[in-house]
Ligand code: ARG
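The chain below stands alone, shown as structure tokens; this is the form predicted alone.
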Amino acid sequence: MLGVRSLRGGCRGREAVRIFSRMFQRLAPSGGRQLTVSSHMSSSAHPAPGVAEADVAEQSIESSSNYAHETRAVNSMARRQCPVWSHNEWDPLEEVIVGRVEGAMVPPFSTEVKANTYQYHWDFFEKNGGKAFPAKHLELAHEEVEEFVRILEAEGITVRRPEICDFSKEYVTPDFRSSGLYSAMPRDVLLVLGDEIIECPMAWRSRFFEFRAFRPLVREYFKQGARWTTPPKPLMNDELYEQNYPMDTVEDRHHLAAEGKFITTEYEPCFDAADFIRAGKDIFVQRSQVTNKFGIEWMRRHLGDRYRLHVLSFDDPNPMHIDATFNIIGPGLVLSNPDRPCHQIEHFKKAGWTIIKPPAPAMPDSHPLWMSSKWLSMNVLMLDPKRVVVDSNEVPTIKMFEKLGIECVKVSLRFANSLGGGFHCWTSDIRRRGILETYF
């Protein structure tokens, strides 16, 4: 029922229970039988004996109106009670986690890393795996990220940061040996749905302990009323990875992706938060090199009837994280990568969505992108429906937003891009002003 979903979607409190109880009593039939409520009540209402259909319709409309009003009251109250409250990618941003450059390490060049990087960077990983990224590059990236933080704070947004950790330490489990990566991309680690934070079971061995950098924040949010979910942690033994995965050419990868074959197997569930994109009650996800069907099914069962989970696929030889391929920037408004067309795009068109193909990125070929593509140009952060943080170097993208009537907050993130993410990746929005709604 919608009322149940709304209550579960926000932090619980005695007043919320009382409001919901009043809503249920008002909507329940006189005989006490439970009434299943939908957003379109009048089409399924049946009049009681001796009651005119017109009277039922009038009562149904009145009940529906009162229900919607009280539902919004529950959502609003829950948002005030809980610091974690975010349902989509565009409602007004109030609190956000921004990642850190400090301690960033080149990941050991294991099978799953090789499958997610391009061949022209393999020498770099073979020589530098387990070492720090180039010091000068990290210095410039650090300056960019700290300026980004200052700009967000100047906009009145609360900015939280993960712990500084030593990712150079090697760790050993019964199944593998590795050193760490970084705490730069909270969007990969934490999936926020309403008042719930999900610590995702990631697929890279170098990211096995990455959650530790964010754990103090998650613990704090939990103590303040947020829900905290940790899915099954994958063992990451050899059975999770296709050991004979052919990856020498882009053609190989295109062929395999078209067949639904990736470096990760279905041995155990794994997924990165960045393979999910939110639009209220509809959550979109892709099967990728780091998110398997097992992980998607785990999420589907976990979400139950609170959300609708939709699986998307793209012409992408190396899918990993959806937000530089399909980035929803407003209600019924999506940036769709023209180089990676969505196979299900007609469903969005039929639903009345506006599909925008962003312009080609302006980043030069000479700039190192060790773990990402130039299409980070579309990996933007919406501050609200009419303001967006976009890279100051991406002039064509800036002009696109201006034509859409969206004000651009321009920040350079070019050197930080080299570590694998744009503004959306470098952040995880903890609180946005708004309620759970349906857009699809």
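In this text, residue numbers run from 1 along the sequence as written. All values reported here derive from a predicted model rather than from experimental measurement.
The following text describes the form predicted together with the ligand, which does not appear among the structures shown.
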- Query: Within a 4.5 Å heavy atom cut-off, is R205 in contact with the ligand in the predicted complex?
  - Reply: no
- Message: Within 4.5 Å, heavy atoms only: does I263 come near the ligand in the predicted complex?
- Response: no
- Taking heavy atoms only, is K281 within 4.5 angstroms of the ligand in the predicted complex? no
- Task: Answer with yes or no whether T397 is in contact with the ligand in the predicted complex, where contact means some heavy atom within 4.5 Å.
- Result: no
- Query: Any idea which of 190-198, 365-373, 345-353, 255-263 reaches within 4.5 Å of the ligand in the predicted complex, heavy atoms considered?
  - Reply: 365-373
- None of I97, L240, L152, A324 but one has a heavy atom within 4.5 Å of the ligand in the predicted complex; the exception is A324
- L181, M320, V145, L335 - the one with a heavy atom within 4.5 Å of the ligand in the predicted complex: M320
- Within 4.5 Å of the ligand in the predicted complex, which residues of 272-288 have a heavy atom? Give them in sequence order, or say none. A274
